[in-house]
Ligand code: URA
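Below, in structure tokens: the form predicted alone, a single chain.
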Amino acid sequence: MNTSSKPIRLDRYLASVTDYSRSDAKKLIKSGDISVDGNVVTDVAFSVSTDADVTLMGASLRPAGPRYLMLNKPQGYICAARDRRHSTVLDLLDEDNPERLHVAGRLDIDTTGLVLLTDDGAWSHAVTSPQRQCWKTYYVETAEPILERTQIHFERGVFLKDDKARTLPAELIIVDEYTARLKICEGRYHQVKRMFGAEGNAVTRLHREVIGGISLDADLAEGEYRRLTAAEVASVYLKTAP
């Protein structure tokens, strides 16, 4: 456990390591059910360090470790914590405190495939930071035939509408006349769709297959998720090639 973390209020600590709300945590403290380092504490504002031995009716409470999840996102879900009009990817999770998770690399509402969720901010930054060049692979279907010149244009970078700089070099692998796989290491707004739009083409289907060294598990049906393996978590910090 990280002993360098700043002390926090006891009621806030309880809410962070259990499913209790802050109000319920306060009731537990005031009732004398909480002990800190062997001593009963009834002050909800008591400052507790993260390495303290906090118990609830004798059962030790510890902060949960960081979570790393892989989700096969269906269409119709947005990558946000909440939305008034649409379901979010968090609605697909059967997790305690899902609101503490965030998406590392969002997808549009009509884009499907690999989504990573975590409550580890540093890990998320490693996934999304352009400086780390974490490559993503997308399966793309288009409205018009994909021309061979598009490969050349994407490799040298294209100018997107309202952007002042070219996209970074990307690798386009043409599968057939209307299908391709595109590998990019950026995450600009609607980037894949805008790249094909710059070529006079439109994306009709977009599906993310790979992020860095993490590939979407073929055993996951749409809407299903699983925890990442230790190797998958660690792979984010390794440099990947397109």
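Every value quoted in this text rests on a predicted model; they were computed, and no experiment measured them. A residue's number is simply how far along the shown sequence it sits, counting from 1.
There is another form of this protein, the form predicted in complex with ligand URA, and it is not shown here; the text below is about that form.
**Report entry** One residue of Arg205, Arg62, Lys27, His190 in contact with ligand URA, assessed in the model of the complex (non-hydrogen atom, 4.5 angstroms)
**Finding:** That would be His190.
Query raised in the report: Just one of Ala170, Leu101, Cys134, Leu107 has a heavy atom within 4.5 angstroms of ligand URA in the model of the complex, so which one?
Result: Of the candidates Ala170, Leu101, Cys134, Leu107, Leu107 is the one lying within 4.5 Å of ligand URA in the model of the complex.
Query raised in the report: Taking heavy atoms only, is Tyr138 within 4.5 angstroms of ligand URA in the model of the complex?
Result: Because a heavy atom of Tyr138 falls inside 4.5 Å of ligand URA in the model of the complex, the answer is yes.
**Report entry** Contact of Ser124 with ligand URA in the model of the complex (heavy atom, 4.5 Å)
**Finding:** Close contact is absent here: in the model of the complex, Ser124 is far from ligand URA, nothing within 4.5 Å, heavy atoms only.
**Report entry** Contact label in the model of the complex: Thr88 to ligand URA, heavy atom within 4.5 Å
**Finding:** Thr88 lies outside the contact set for ligand URA.
Query raised in the report: If you check in the model of the complex, is Thr111 within 4.5 Å of ligand URA, heavy atoms only?
Result: So Thr111 counts as contacting ligand URA.
Requested in this report: Report the stretch among 211 to 219, 190 to 198, 34 to 42, 170 to 178 that approaches ligand URA in the model of the complex to within 4.5 Å, counting heavy atoms only.
Outcome: Among the candidates, contact is made by 190 to 198.
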